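Before any questions on how it binds or moves, here is one chain, the form predicted alone, in structure tokens.
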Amino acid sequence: MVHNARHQACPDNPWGRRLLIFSGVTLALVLIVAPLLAVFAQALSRGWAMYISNVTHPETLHAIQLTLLAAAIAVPVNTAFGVAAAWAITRFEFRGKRILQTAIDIPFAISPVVAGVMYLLLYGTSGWLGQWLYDHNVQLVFSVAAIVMVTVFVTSPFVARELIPFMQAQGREEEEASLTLGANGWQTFWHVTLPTIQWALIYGVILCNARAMGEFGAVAVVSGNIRGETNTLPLYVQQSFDDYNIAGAFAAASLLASLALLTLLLKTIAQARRDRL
């Protein structure tokens, strides 16, 4: 009876399988592949010479540099935070552990635009700390510093959330054996823990980097959209559209799409290596 019920619930219907596969492939082509191809087609619609001109425009180059700078700062900071948080949560019992776990998820639960407003209310001229910062000639909002801060905030959970379940599944037997044999905490981390989590760590870093380079909402609130100064690549795409520079907008968008495809490739490789562990 149970076998018949399972057979009826999951019939081996080749036409049903083909329909599901066809539906999945069609949706992927229509919703993902076609828009992606449209970006590259529009970017190259006026020829390679115009495309190269748009890509090498000083404002485009500055937007690329600022995007890479924000990612170059946010990723190492969140990597260190993620490893420390994951190690503390999975290897120790302490007061406030649940609070830390909840705090890690806050950037996931809050809209990036809200995160930008939070920083604006805290560090802006009329914010809680704004007057004190102004009196000491320190400007955090509408600056590169603000872009870096909100980028760190929105990307902070990625490494930690990738490592925590992985380290919980791995257990702590090897680390306890290392400590029993006389290794100290740092030796255990570098020679036992880190080699075990390296591919999960790389996977989390790749996700963190992808989010940092593509962040728009929080950065748009705190950057001020100052042309040639505080425009990251996503902001530059929007600004180019607003200026009716369609070719420049699609050229910049194609750079973001290329970075996304490269990230996807690296993510697939890291995920395959992680799943083998």
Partner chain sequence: MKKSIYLSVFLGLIMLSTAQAEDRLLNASYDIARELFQAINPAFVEAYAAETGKTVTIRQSHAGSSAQARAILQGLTADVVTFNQITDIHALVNAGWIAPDWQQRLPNASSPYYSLPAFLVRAGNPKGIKDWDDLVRADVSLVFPNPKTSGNGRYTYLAAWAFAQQQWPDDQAKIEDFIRRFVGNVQVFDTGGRGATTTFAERGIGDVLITFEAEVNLIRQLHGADRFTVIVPSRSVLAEFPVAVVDRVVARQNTQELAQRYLQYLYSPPAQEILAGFYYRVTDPQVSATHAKQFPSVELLRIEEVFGSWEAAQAHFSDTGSFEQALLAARRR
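Positions refer to the first chain, counted from 1. Values in this document were obtained by computation on a predicted structure and should not be read as measured data.
Here the subject shifts to the form predicted in complex with its partner chain, a form of this protein not shown in this document.
The stretch from 102 to 110, 169 to 177, 197 to 205, 123 to 131 that comes within 4.5 Å of its partner chain in the predicted complex, counting heavy atoms only, is 123 to 131. Taking the partner from the other structure, its partner chain in the predicted complex has no heavy atom within 4.5 Å of any heavy atom of I89. Though the partner is left out of this view, Y244 does reach within 4.5 Å of its partner chain in the predicted complex, counting heavy atoms only. Among heavy atoms of V114, none comes within 4.5 Å of its partner chain in the predicted complex.
Interface residue remark: I164 is not counted as part of the site for its partner chain in the predicted complex, having no heavy atom within 4.5 Å.
Residue-level contacts in the predicted complex: of V154, A71, V141, A160, one residue has a heavy atom within 4.5 Å of its partner chain, and it is V141.
Residues of 70 to 87 lying near its partner chain in the predicted complex, listed in sequence order, are I73, P76, V77, A80, the criterion being any heavy atom within 4.5 Å.
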